[in-house]
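Just so you know, structure 1 and structure 2 below are the same protein chain in two forms, each on its own as structure tokens.
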Structure 1
């Protein structure tokens, strides 16, 4: 990365806690930056996701006072998410829609600066082989970000702002040569993605098909796929009745966990592995596209990498 960006990030670190992809043993992980020189600019997909910065694994929501829920007073630190690739920007754009009215998410988002990055624009977008999307010419117009750094194959670099906050930060950091892109909403002007709609139709009619019975024999319902997915957003609410510290917390959930569909009286809808895995795919490729006109999967491949029994989402979708 050139010296201008290095100087910019050093100045940014005076105001923000920086998080970025970094080499962590044999893998790339997103973690807090202690030294700007440790930031990985290779463009390789991190093993973990950015989700935890925006939707913590455990979050205190309410205190309980005199039998009433009172919103917890929390202090949101200023965070800069640096080097977010295009695929992960798509995931954050979906989360922005899902939690558009969630005050906890929005308070955190207001204090977070999103800096997207491409190591070889736009070729790295193509190399991810996003099976549920067509390639769009106007990619950045439909993504949520504050700043985007595009590195071209010829060695040229271009900087974009995607919000007023991004413009302000760039100007303050001494970067004047940038182009502003106005967010045009998550859906292309051409309408919803045709591949997404075709897959939605195929998935809707796939219940009871052989593929789900085959997966029932090998899936162990560990939930690693959903926990490592950048777009999975299911959560549980848990009340503590400790008289000294009564509270309500929100915790990451998973449709693979045994208590996910448990209701009063002990009934459970997702009582077999085949039902759980079908539910997961149906949520991503039917319900989310129906509600948000976006796929619930961005094709990052993290679920395939962490699956202990080798289930590959792209192979499952081909069979569907």
Structure 2
């Protein structure tokens, strides 16, 4: 990364905790930055997701004091998410819509700076059709970010702001040569994503298909796909029973876990692996498009990579 950006990030670290993809043994992981030089700018997909910064795996919502729920006073740390690729920005754009009325998400988001990044095209770019489109109009206009760094080829780079907050921070950091992009909503002017609509139609009529019976035998319902998915946002509300620290918390949930659909008296809607995995796919490919007109899967491939029994989402989609 060029010197101007290095200096900018160093200055940023005086105010923000920086998080970025970094080499972590054989893989790339998103973690806190100790040294700007450690940031991975290769554009390879990180193994973990950004969602924990926006929707922690466990967060306190209320302290319980004298039998009352008192909103947790914990102030949100200032965090800069650096080097968020386009695919992960799509996932964050979805979370932004889903949690638009959520005070905990919004307070955290106010203190978070999202710096998107695209390196020159990835080796397997053909998988990501978006790269053949007009970058500013077809892609960046429809993503949530504060700052975006686009590295087009060796040495050539373009910087964009996507919010007032981003503009302000760029100016303060001494970067004047940037273009502002106004968020035009998640849906392109050409209408909803055609591939999304096609998959939605296929999924809607797929109940009872052989693929779900096949997966019933293979999938072990471990929930790793949902934990590692950047768009999985199911959650549970739970009261802590610790007498020294009574609190109401929100925790990541997973539709693969047994108590997900459990009701009083013991009834369970999702009582087979087949129903659970169908529910997961249905959420991504029907329910999210139905609600937000956005794909519920951004195509990052993390679920396929982490699946212990080798279920590949792209193979499943061919069979629905």
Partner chain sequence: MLNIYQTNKVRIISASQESVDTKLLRLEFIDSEIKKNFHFLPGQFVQIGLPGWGECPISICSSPNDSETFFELAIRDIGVLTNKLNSLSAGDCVDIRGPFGNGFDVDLFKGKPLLLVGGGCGFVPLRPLIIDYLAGRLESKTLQILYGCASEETMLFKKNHAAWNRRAELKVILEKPSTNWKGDRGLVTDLLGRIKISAQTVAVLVGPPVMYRFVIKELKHKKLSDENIILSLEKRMHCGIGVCQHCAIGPFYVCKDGPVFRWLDIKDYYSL
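Between two forms, the rigid core is the largest collection of C-alphas that superpose within 1.5 Å. Residue numbers count along the first chain shown, from 1. Since we're looking at a predicted model, the values are computed, not measured.
Taken from the form predicted alone, structure 1 is distinct in origin from structure 2. Once you line up the core between structure 1 and structure 2, the Cα of residue 266 stays within less than 2 Å of where it was. Once both forms are fitted on their core, a CA shift of 2 Å or more is seen for residue 68 between structure 1 and structure 2.
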